[in-house]
Structure formats: structure tokens, C-alpha cells
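First, one chain by itself in C-alpha cells, the form predicted alone.
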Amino acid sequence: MPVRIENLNFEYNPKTPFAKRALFDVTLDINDGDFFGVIGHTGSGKSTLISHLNALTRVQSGTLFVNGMDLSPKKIDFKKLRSTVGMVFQYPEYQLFAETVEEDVAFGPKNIGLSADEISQRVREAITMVGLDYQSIRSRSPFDLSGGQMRRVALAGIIAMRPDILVLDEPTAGLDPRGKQEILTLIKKIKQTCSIVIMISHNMDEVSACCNRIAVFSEGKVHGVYEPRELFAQKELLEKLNIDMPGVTNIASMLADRGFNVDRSIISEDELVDAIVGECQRRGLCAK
């Protein structure tokens, strides 16, 4: 089992007047093939959790296994771990630092001691995978690119490491609707090369469209793990936890409240259109 978290606890500034408990006995299994969503209001513990996955935050109590590596001991093989778990933080373009795109993307592979030929191949493949033209962009400064291009370069730097597990923290934050859709399409493409993708997001449309399982966090605890259709059908639970419905699910729920025979668990635009057309045909409001 690639990611096994059991009774994980974490406290910031322990044994000081500023101590704050961030995680309470978190237990999760994340399986091969999962596109795993992590949602919850601000301060619910999401980012603290994922920062444990490549030991940016060290385990205080509990157990954490990633691809068989025990992250609880004091000694961790950081090179192996960080070539296994790729982390893309919110606004990853702020992580760019090198003089050229090629140098930036090559930084990770160089750090794990790959040969020059292997690095060159990985850099070319990663830049191409994120939809950029290698020859025209390789020598450009990443800081001369558009925001969307910079984010693609930051993603390419992680892809070049060929991680088994990709962790994304609000990957579309700050982008316009077109940019968001392009990045989501790219992430789905990248998923084909990774065993697991874990994504934090406040955008429930993105979560419902991408994830097959979703962990809901509240006040540092796991409230539950759900399939998207199961979770977004629970209107009262979502309101209690201050979580928005996906837009299409909200429309379906509103129609159901007004007497339309529409499933409240709809999570895609195509499903919603089919349901509305079917109900209109049933009522004789449009031709079959």
C-alpha cells in the first residue's frame, strides 16, 4: 500500500505558549491508482498533512509509510523519498530560480546524481509533456514567461524527477478559467505517469471532476473519506463543514428542491444536461 498514515498527530510550537495542535490522530490509506482529493476549510490541517509526505514536516507521533519507506525514524533517505514524492506547492512559479528554463527543470534530476545524458532526456521530455516547445523555451528566463507558462515550467521540474506520487496544493490558484482548465487537463495527463496524485483544492468543481476518493478534513481531523458522488449528495454535511457543492451538483439540488426528477448526486455537466432533457421529455416539454 503506497501511503499508509496511522494516528498521525502534529503540534506547532510544542511546549510553548504558542502551541497549536494541527493534526489529531489522522489515519488514511491512499492506494495505487488513486487521484485523491483533500478538502476542508482553511486551517483544517490539509497542508500540514501533505507536508509530511516528503518529510518537509517530520512525524512527531503516529506512523507514516510511503511506498514502504517508514518516515517515523530520525534517519530518512531523503534522496529516495524526494524522488518518489513530487511536491507542487501553491503558486509553484514562485519556486523558480534558475537563469534558464532548462536549468530550472534540470535542478532536481541533478540533485539525485543522474548522468548528464539522463538529465538532458528527462528535461526535454518533461518540458514537452507540459505542452511547451523545448527548443524555443529552453534558453529563456522563466521570469520572462507568462504566469501559465511559469506554472508549466514548475510542473516540468517535478515531472523530470519521475515521482511515483505527485502532491498538488491548490494547483489552479490564481489562474483565469482558461488557465485553470489547461492545468487540470495537464494534471490528468501527468496522472498517467504517476501511481498516485494527491490534490488539495478549495474548488469543488475541480475535485469532483478529477478525484476518485476525497478525504474531508475539519479542525485537524479526518471527518471521512468518500467517493465524489457519495460526498456531494450530502447537502447537510457539506453545509455543516462549510464546504461548497460543485456548481452542477448545486443546480441539480436546486432543481430537485423544485420538484424536478433530477438526481442530487450529479457531478458532471453531461449528466446534468441528460437529466434535464429526460425530465423535460417526461413532462412533455420537449420532443423525444
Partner chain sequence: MSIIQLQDVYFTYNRASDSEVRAVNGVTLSINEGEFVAIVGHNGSGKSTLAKLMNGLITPDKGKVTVAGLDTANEKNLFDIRRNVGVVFQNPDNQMVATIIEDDVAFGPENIGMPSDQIRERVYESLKSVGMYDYREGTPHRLSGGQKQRVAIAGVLALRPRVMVLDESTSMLDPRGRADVMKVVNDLNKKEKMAVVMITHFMEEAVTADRIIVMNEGRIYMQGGKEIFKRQAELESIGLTVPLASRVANRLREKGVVIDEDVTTYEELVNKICPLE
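Positions refer to the first chain, counted from 1. Predicted model, so just to flag it, every value in this text is computed and none were measured.
A second form of this protein, the form predicted together with the partner chain, is not displayed here; the remarks below concern that form.
Enquirer: Looking in the model of the complex, is the partner chain within 4.5 Å of a heavy atom from each of 68, 70 and 197?
Expert: Contact check failed for every one of 68, 70 and 197.
Enquirer: Which residue, 117, 133, 176, 77, is the contact with the partner chain in the model of the complex, using a 4.5 Å heavy atom cutoff?
Expert: It is 176 that has a heavy atom within 4.5 Å of the partner.
Enquirer: Could you tell me which one of 263, 230, 244, 29 places a heavy atom within 4.5 Å of the partner chain in the model of the complex?
Expert: In short, 244.
Enquirer: Tell me which stretch of 230-238, 54-62, 247-255, 30-38 has a heavy atom within 4.5 angstroms of the partner chain in the model of the complex.
Expert: It is the stretch 247-255.
Enquirer: Would residue 272 show up as a contact with the partner chain in the model of the complex if we use heavy atoms at 4.5 Å?
Expert: Contact check for residue 272: yes, within 4.5 Å of the partner chain in the model of the complex.
Enquirer: In the model of the complex, does residue 107 come within 4.5 Å of the partner chain, counting heavy atoms only?
Expert: No - in the model of the complex, heavy atoms of residue 107 and the partner chain never come within 4.5 Å of each other.
Enquirer: If you check in the model of the complex, is residue 282 within 4.5 Å of the partner chain, heavy atoms only?
Expert: So residue 282 does not count as contacting the partner chain.
Enquirer: With heavy atoms only and a cut-off of 4.5 Å, decide whether residue 143 touches the partner chain in the model of the complex.
Expert: No, residue 143 is distant from the partner.
Enquirer: Given a 4.5 Å distance limit between heavy atoms, list every residue of 198-216 close to the partner chain in the model of the complex, or none if there are none.
Expert: Going through 198-216 in order - heavy atoms within 4.5 Å of the partner chain in the model of the complex - there is one hit, 202.
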